[in-house]
Ligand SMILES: Nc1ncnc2c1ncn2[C@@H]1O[C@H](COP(=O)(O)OP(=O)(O)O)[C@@H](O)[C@H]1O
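Only one chain comes next, encoded as structure tokens, the form predicted alone.
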Amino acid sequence: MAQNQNPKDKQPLLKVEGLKTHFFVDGSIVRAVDQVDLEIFRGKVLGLVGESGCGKTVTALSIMGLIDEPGKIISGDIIFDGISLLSLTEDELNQIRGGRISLIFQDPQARLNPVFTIGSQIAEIFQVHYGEPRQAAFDRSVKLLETVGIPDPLDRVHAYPHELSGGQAQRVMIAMALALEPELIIADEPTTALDVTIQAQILDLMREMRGEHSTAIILITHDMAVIAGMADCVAVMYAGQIIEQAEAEQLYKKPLHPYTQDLLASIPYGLDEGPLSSIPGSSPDPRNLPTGCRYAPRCESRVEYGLKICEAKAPSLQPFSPEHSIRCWLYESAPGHKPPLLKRL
């Protein structure tokens, strides 16, 4: 007889609805995140991909409530396990942040306090959240370092951040994220600047976290190859917006958006593939975004199909099939515009 499913598993652990996070700088509005919708379920990995500056990190910081002036969340909602995080006080948010949701930053050396040992920084988490005595918290820190594969944890627990390699510092950040067994971990470029061996070890560690604790993971990266081996679902971000979202297998098998197609074409698959494909042009200035589709100035498909609407009107994120959404005039209808490629609903 089949086991009863936990009702919570049927609902998203995290749901981001219409999120807009803008920065107000020198009289200009930087639309870093502009109408973003996301959801992730327990035990699943959501890959959030796109070029540098597309809004991935600002999305993560928005979820964590870490947007400072001159930035501001101006609209939308962030719902975690049925709770609107935007409605919470700072004290209430602190109970969730670090406890139920953890963020692994992309630059661990910059995030670790240089004047305290690794052990003391991890132990502080247990002391603050659980009120544990200093020695008990320190002992748990040693066990955590062992869990994340730090060699000689009894010695390294006394090390300062500058005494760690890049891979070790990233493992320490993962240890701190794991400390309170969070339900959701947001990993922002966790393998950037690490050698291939260390990258593989850290990704394996994240798979273990997911398998053993049903931890949900938002994996933020520009590396489509990393996403291919980790994610259940992929959201592709461009110029502050989600432009395509689908199950990972479907996205890699049949990418729909021209930008996603260009991203996948730039992945090296072997030593004899010849020159890598590159995406023409550059991302738009978030202070001066195009009137229509934000990818239109770089889109060769727009030219191929002779689509004038792309430069005049912005498309919306529309379902192409039950598990696949896209923001593109190749598939969306409008008055006077018939899409050259049809949906499969």
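Counting begins at 1, following the sequence as shown. Since we're looking at a predicted model, the values are computed, not measured.
One more form of this protein exists, namely the form predicted in complex with this ligand; it is left out here, but the text below deals with it.
K.L.:
Could you spot which one of 312, 289, 279, 30 gets a heavy atom to within 4.5 Å of this ligand in the predicted complex?
P.N.:
Comparing distances to this ligand in the predicted complex, the residue within 4.5 Å is 30.
K.L.:
Please tell me whether any heavy atom belonging to residue 25 falls inside 4.5 Å of a heavy atom of this ligand, as the geometry stands in the predicted complex.
P.N.:
It does: once this ligand is placed as it appears in the predicted complex, residue 25 has a heavy atom within 4.5 Å of it.
K.L.:
Using a 4.5 Å heavy atom cut-off, state whether residue 51 contacts this ligand in the predicted complex.
P.N.:
Yes, residue 51 sits close enough to this ligand in the predicted complex that at least one of its heavy atoms falls within 4.5 Å.
K.L.:
Decide whether residue 55 counts as a contact residue for this ligand in the predicted complex under a heavy atom distance cut-off of 4.5 Å.
P.N.:
Yes - in the predicted complex, heavy atoms of residue 55 and this ligand come within 4.5 Å of each other.
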